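Below sits a lone chain in structure tokens, taken as the form predicted alone.
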Amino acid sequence: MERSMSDLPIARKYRPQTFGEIVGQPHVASTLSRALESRRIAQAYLFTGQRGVGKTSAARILAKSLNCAAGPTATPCGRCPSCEQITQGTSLDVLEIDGASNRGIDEIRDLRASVPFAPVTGPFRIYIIDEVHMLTTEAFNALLKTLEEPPAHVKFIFATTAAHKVPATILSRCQRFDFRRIEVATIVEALRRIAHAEQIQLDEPALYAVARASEGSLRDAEVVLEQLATFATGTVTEATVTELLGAIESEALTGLMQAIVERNPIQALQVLTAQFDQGKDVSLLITGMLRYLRNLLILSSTKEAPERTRLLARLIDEPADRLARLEEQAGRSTPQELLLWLQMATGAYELVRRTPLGQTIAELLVIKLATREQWQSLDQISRRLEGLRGPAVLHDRVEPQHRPAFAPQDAEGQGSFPRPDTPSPSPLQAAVPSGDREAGGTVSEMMPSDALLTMWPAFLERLGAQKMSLAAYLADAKPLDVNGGVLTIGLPGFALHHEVLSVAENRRLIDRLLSEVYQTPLHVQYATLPEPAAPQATAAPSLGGQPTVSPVVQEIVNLFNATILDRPRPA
């Protein structure tokens, strides 16, 4: 008994039947349409892309276009017996094969045995193999000979979500079409049309919530829409969508970030606790924070971009009223500050995945962001240091031949400049005594010279222009000493800082920029700065005399730049 259209699920009921109805894949629809109009038809096609973006639908439309009574045509009529049979899945000339279930060599041998037979009604016999990457190596080898010399009446259409698993020998014999991830705005428009046709009432934030949750898959969005039609009564709101999917409501994220921007840790913790009380997953919550911060960073970084409205429409998946609130929050932070927030949230997400202390990590993250000190950009730090140490005699934007050199002062404190016939020493050569220096001094014995400190901000500024993340790791560092072409830099006692800065590629970049700024060949080595004394801190000594800390707690300390004030004493 044939099912009526009203009984079909939404995803099948609104499946595209022509190339013009395919959503979000204009490059595929236009290319195939032109190929059919010019009669340039390949023997085999490969449609690749993530789930739910229209690969199988496009394969069926191509099959209808080839076997339509008016075809081959780019606009199949949909009314002839061939089109109706393909739509219903009963055509004897179009064979749909599930590659995951029929992946062995025996099934492919049966397919090869049927290839020589002529089509029953249409001009072509068409094989659609879904998830073709699931075929075994032997099955691919058996299929290869047929692909090399297929009969003129046979066409192959392969669909896969993992094209990299298809052998190159198969790929080289197919015309490949990559189906893109469908944009949120495009999914919203499609859902709006379907909801209107199905008389489902959804407000704008709810449409965007469904589209975001689908992650670029229109079919997934249609499944959620149908579920909402039975789950909710009346108008579907964003709260209904988040309740159904267990997602984080945008209003909650907006309130959380507003409290962080305003440095209100109490309000931020209240919003966070309310989400935990509703059973929200910690990983989803931090993921939502990352997405929100990413939107703020884009808004803050594109203020001068040409055609900014069109750019934001493609990059930020939020309705217009919420975009205005994001703009207001982004205007209260700098891109550099937002980058640091993102770095901290990313570290918290990685830590949550590896520890059972997810809620604690999220609370620490929120408190750290909401109680932060006034962060400053590198150029502000540079100006402050220059004010403390006097005017900088070097700047990385000054040409080398115009840079004055440091010179030792005479007895009256006046600088004695080198004579014209005397080569100008580099700043470090002038600032560091020429006598041999005893190696192996401790960090506490290393006293940075004025030359080291004065030029350090210029180095940080140049490093930040090339790799901001490295400059952020060195923001709390301190140049300590130079000896024999080796510059010792003191770092806070964070394992992550030492690990990142010790990567060979990062070392090479730092060495090169240091040599350029200080005008002498330099290599860097790192030392750990002593921790500031904490009079009220108490710690239970371990057997070796050092306080014991679990690896998980130490990672939390490193991530949030925290100080352990007290440790439980052993029983």
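Fair warning: this is a prediction, and the values are worked out from it, not measured in the lab. Sequential numbering from 1, following the sequence displayed.
Same protein, other form: the form predicted in complex with a small molecule, not shown, and the subject of what follows.
Novice: Answer with one of Val210, Val132, Leu452, Ile182: the residue that has a non-hydrogen atom within 4.5 Å of the small molecule in the predicted complex.
Specialist: Looking at Val210, Val132, Leu452, Ile182 one by one, just Ile182 meets the 4.5 Å heavy-atom criterion.
Novice: Identify which of Asn506, Thr31, Gln50, Thr520 has a heavy atom within 4.5 Å of the small molecule in the predicted complex; exactly one of them does.
Specialist: Residue within 4.5 Å of the partner: Gln50.
Novice: Taking any heavy atom pair closer than or equal to 4.5 Å as contact, tell me whether Thr136 reaches the small molecule in the predicted complex.
Specialist: Thr136: no contact with the small molecule in the predicted complex.
Novice: Examine Lys55 and determine whether its closest non-hydrogen atom to the small molecule in the predicted complex is within 4.5 angstroms.
Specialist: Lys55: contacts the small molecule in the predicted complex.
Novice: Does the 4.5 Å heavy atom contact test between Thr355 and the small molecule in the predicted complex come out positive?
Specialist: Outside the cut-off, so no.
Novice: Might Leu296 be said to contact the small molecule in the predicted complex, defining contact as any heavy atom within 4.5 Å?
Specialist: It does not: once the small molecule is placed as it appears in the predicted complex, Leu296 has no heavy atom within 4.5 Å of it.
Novice: Only one of 211-219, 138-146, 282-290, 462-470 has heavy atoms within 4.5 Å of the small molecule in the predicted complex; I'd like to know which.
Specialist: That would be 211-219.
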